[in-house]
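Here you'll find one protein chain in two forms, each presented separately as structure tokens under the names structure 1 and structure 2.
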Structure 1
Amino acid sequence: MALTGLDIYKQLPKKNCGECGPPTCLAFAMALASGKAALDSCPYVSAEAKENLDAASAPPIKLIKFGAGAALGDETVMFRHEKTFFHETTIVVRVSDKLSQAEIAAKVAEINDLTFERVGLQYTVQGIAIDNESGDAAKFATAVQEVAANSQLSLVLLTEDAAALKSALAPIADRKPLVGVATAANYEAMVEVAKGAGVPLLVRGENLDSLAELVEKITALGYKDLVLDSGSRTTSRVLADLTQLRRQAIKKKFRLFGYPAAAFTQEENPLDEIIQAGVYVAKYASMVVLNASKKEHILPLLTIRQNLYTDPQKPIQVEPKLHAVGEVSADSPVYVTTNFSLTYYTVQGEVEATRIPSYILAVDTDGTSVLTAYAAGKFEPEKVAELMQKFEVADKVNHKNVVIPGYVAVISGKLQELSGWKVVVGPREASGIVSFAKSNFGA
């Protein structure tokens, strides 16, 4: 059970030094109890108090890392607008050990190719799950070796046979895969394998009650690097279970559910499966294991994930610099816009459509649009002139003409004075760039 602020305060040094951030030990204790501070912030807390306060200082959902940088859990809120979500749902594609070696190699190659670039961001799946569907330990070990040899993605090993797991895990233990599945029937043997290799363990119950009992037994064995699976498979039931796991961990501080949760899709039609996976990404799976591996199926899911796990208080931004569009030359026009991704890529798309290689100077406006940035004093002539000099625009072209958005025509005079360039007021909307460019810079 979570400690209250007063319970924590009684075990603090009561120096009121303020070195931890809050001005008093009582304020620090209250922040610690609500999950808004870390115990390590106090330089004077005793070792005994640290041990006693571990439960209070631990995040409501434990951070679990595995493989090539996959990170699960460590979330502190139910809804991202309350603070933010930290670790996007890890997407893992399942490979059955029933496939032939050639089929596994082809599947892995297809999974490795699931990378996309959109609005300047890289979208990708994070892992491959090898499923001991055959029930044959030798086939499972061979499949694991084949996948490991052909992919650097994070690995998940799925079998309920502890002996088969141990055999398949041994050659790749240094890659720190997520392993499982621990159930009520095999948990002691599975814990021994996971603990021996120092890898996280996937725990599956038959429902939430049985899952809590199983987690309690496993943690009593001294192992706490866990990922939870309620065992449900229908979409509505999984959604309810995932919501309860998150709510009980964050709102009720129920430590047995304080671990990241995994969900497994069951729909056979790829489109239905992506819809099902999208539900789990939205609420609240830390990892989703699915079968679909075609680009046209996976991209919508990764897009949904990106939208959900973008910090709502921090707009998506491109790097503020001089960007080249096409094979630029000394005759290329120079456009100015903001570094808000939606604005920048809209402008870039229209500039590409002109078929005139051009430069675009993206001004750092903290990811805000043109009018918003101007209203906030972030799209000022001084800033634009400074960036033009910083990125040596004058050395890139043989003219001194710069195009600014029509909505900020008011800065043209001052910018011309500061930069010494002729400031051309462009169209207000990006959609007008094509006709503007043809009129001013030729076909």
Structure 2
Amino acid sequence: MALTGLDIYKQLPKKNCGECGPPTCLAFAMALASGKAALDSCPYVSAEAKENLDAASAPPIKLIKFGAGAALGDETVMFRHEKTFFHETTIVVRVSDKLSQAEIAAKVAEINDLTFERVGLQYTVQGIAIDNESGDAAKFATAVQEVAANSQLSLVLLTEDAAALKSALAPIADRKPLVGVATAANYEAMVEVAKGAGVPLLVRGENLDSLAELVEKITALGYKDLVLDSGSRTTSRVLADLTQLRRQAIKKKFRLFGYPAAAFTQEENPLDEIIQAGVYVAKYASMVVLNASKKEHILPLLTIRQNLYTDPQKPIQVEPKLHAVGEVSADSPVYVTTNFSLTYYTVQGEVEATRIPSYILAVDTDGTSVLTAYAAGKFEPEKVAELMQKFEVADKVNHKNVVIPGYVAVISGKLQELSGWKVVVGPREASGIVSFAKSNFGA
């Protein structure tokens, strides 16, 4: 349970010296309780009090980092509309050490290439998991080296053999991989390896109960850089477990589950696998390990991840300016739309499809759609005219025709008056742009 300000106050030195920022220990305690201050700010707090209070001041789910920037956990809500989801699900592609060297090289090359450009954003998978499926320590070490030598992605080492882990880890320890798998049978040796290398440890139970037990034993050994796996593999059970792990951490502050959770897919067919992974991305997995590595399969998964981890309070925006689509010339049509990324890229896609190089003037509407912007007074003719001036549209083209969205047809008169341009009312929906361009610009 979270501590109250008073609980915290009892543990403070009561010097009321104000060195922590707030004037008194009590004020500082209140700030701590609401998460607005860090305990480190008090130079006089005793080691014992610190130990007691760490639990209360720690985030409900610990942030775990590994490899080249993979960041898991530190989530604070069950539903994205309550605030936002912070650290997008880390997607890791599994490579078996049963594969030949050539097969590993091919798979790694394919995984390295899993980066995508869409709607102005870069999507990418974060890592590669090398799985000691062979059960052979030497094969595992070779496979790990092979992958490490050929990929800059974050690494995950998966074996239940602590000795195999130790020797595979040694040459690549500076890559700071996530390692595992700690189970009830091997956890002491696993903790030693992970602790020695200063890398986070993946812990696997057989269900939530045994996972809690195992985490308790591991944290008793003094190791707390953990990623949790309930051990479940069927979609429904994993959904329940991931939901429970998140709830226990956030709503009950159950410390043993205060670590990010990982999920492993089980489906063989890549399409089934992606759909299964999609459930885990939506519902609370901080990391998903899967086998699929074809672009057409991974793109939909990375897209849903990006969508759900978008901050609901901050719509994604494009720069409000005159954008050129294709090899523009003085004859290019000029379209006006909003700087809401979704709207802008939908329009851009359709303008591209007209195959007529064009300009798009993105009006700063604070990232709202045309209708919302207009209703909020953010799509006013004055503003559009001003932007046309600012970006010197008149110098870029040799005509004076500007196309506005059909939804704001009402501003056409005023805009015409202000800008001196002929205002053409375009279609309401972007999907109408191709046929609109055909009849207006003769493509």
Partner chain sequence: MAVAIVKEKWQSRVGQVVIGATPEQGGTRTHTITIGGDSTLPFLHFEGEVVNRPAVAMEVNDVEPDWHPLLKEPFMDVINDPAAWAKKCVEEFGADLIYLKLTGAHPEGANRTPEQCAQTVKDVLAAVGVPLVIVGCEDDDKDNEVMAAVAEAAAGENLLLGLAQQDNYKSIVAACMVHKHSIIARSPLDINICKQLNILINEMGLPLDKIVIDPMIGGLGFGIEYAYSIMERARLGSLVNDKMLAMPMVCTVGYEANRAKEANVDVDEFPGWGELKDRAILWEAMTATTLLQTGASLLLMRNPEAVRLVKKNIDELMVSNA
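Treat the numbers as computed from the prediction; the structure is a model and nothing was measured. When a residue number appears, read it as a position in the sequence of structure 1, where counting begins at 1. In this text, rigid core is short for the largest set of C-alphas that superpose within 1.5 Å between two forms.
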note = In this pair, it is the form predicted on its own that is given as structure 1
query = Rigid core fitted, then: does Pro333 show a CA shift of 2 angstroms or greater between structures 1 and 2?
reply = yes
key: Threshold 2 Å Cα movement between structures 1 and 2 at Pro171, rigid core reference   = no
request  = With both forms fitted on the core, give yes or no for whether the Cα of Arg204 moves by 2 angstroms or more between structures 1 and 2.
outcome  = no
request  = Superpose the two forms on the rigid core, then give the C-alpha shift of Ala385 between structures 1 and 2 in Å.
outcome  = 7.5
